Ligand SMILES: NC(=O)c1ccc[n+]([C@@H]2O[C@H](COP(=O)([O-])OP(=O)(O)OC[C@H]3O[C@@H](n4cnc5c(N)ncnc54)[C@H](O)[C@@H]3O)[C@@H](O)[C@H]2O)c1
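One chain is shown next in structure tokens, namely the form predicted on its own.
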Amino acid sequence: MEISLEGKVAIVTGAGPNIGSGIALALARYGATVACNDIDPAAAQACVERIERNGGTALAIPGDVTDEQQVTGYIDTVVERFGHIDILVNNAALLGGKGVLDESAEFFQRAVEVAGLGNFLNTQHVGRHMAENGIRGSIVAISSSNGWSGTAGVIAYAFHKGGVNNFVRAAAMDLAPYGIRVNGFTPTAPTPDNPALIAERGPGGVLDRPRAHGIGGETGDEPWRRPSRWTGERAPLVPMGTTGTPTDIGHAVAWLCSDYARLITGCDLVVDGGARAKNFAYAPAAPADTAGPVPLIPLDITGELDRDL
């Protein structure tokens, strides 16, 4: 099976250097023209440059996904430039945060707005464009393992990712009569593989460098405080031995957006090395006793990675 997105035009929101950039690059490598959105114009442009280094065609469309005028503005720009939109990947989200005892109302509200309005506005206006023009397109909302199970220290993130999951199902029902598919995609804490990101922050991801006051961390020194997560040495908890990389996510999202997935809608596709499937009492084998996945099929062919993946 040879996946081809030739002739298709995609928008990826939140195309920053990790998951968003990986998805955008994958769509481009499979043949799509990709419009890269981010609230940070520099991040959107960096994604474009990465795609172009790898032989693809891309356009930077910076903008705030919670501002309807900006959303319709960059959608119009894409249509004027390329004529149509076939794929939308709603990836924009506010990461990090604190637990329920310490999170601010301001951060909680903004995080929910980015996920809620970001998914709604982009899906509504791209969906209308598809429906009006008879485009049987694909819309993918990026969820998280935090949207399916509880994690300490990220109450806003857990709340809005859970909302994304049911938004997908409801939007899939609304858009099915038009032949437009809407699906969710659940990764979990991928190891970065963007050379630029690795050069800036080093190898590893959030699991290797947990935030002191972020996921599961203490946020104060009051005598009543209790740590919300074990912070000492622990065995790997992913059955396949790795949560993968944005490239793993990109391959799967590209397939989900292809015509091979023509009857898949209202579903969630999980790429997490089995992390969500395990029982709470799961006891992993020693790393040396685990075969692990087959080697990664790389997409960033012009980049130099700082570590073997």
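Bear in mind the structure is a predicted one, so any value in this text is a computation, not a measurement. One rule holds for the numbers: they count along the sequence shown, beginning at 1.
There is another form of this protein, the form predicted together with this ligand, and it is not shown here; the text below is about that form.
- For the marked spot (G16, A93 and S144), a heavy atom within 4.5 Å of this ligand in the predicted complex is present in each of the three residues.
- Note that among 48 to 56, 33 to 41, 262 to 270, 277 to 285, the stretch whose heavy atoms approach this ligand to within 4.5 Å in the predicted complex is 33 to 41.
- Residue R110 is the only one of R136, R110, R81, R229 with a heavy atom lying within 4.5 Å of this ligand in the predicted complex.
- Note on contacts: among L121, L175, V114, I198, the single residue with a heavy atom within 4.5 Å of this ligand in the predicted complex is V114.
- Shown alone here, A152 lies farther than 4.5 Å from this ligand in the predicted complex, counting heavy atoms only.
- Interface membership of P187, defined by any non-hydrogen atom within 4.5 Å of this ligand in the predicted complex, is confirmed.
- Within 4.5 Å of some heavy atom of this ligand in the predicted complex lies at least one heavy atom of V65.
- Taking this ligand as positioned in the predicted complex, the residues of 156 to 170 that bring a heavy atom within 4.5 Å of it are, in sequence order, Y157, K161.
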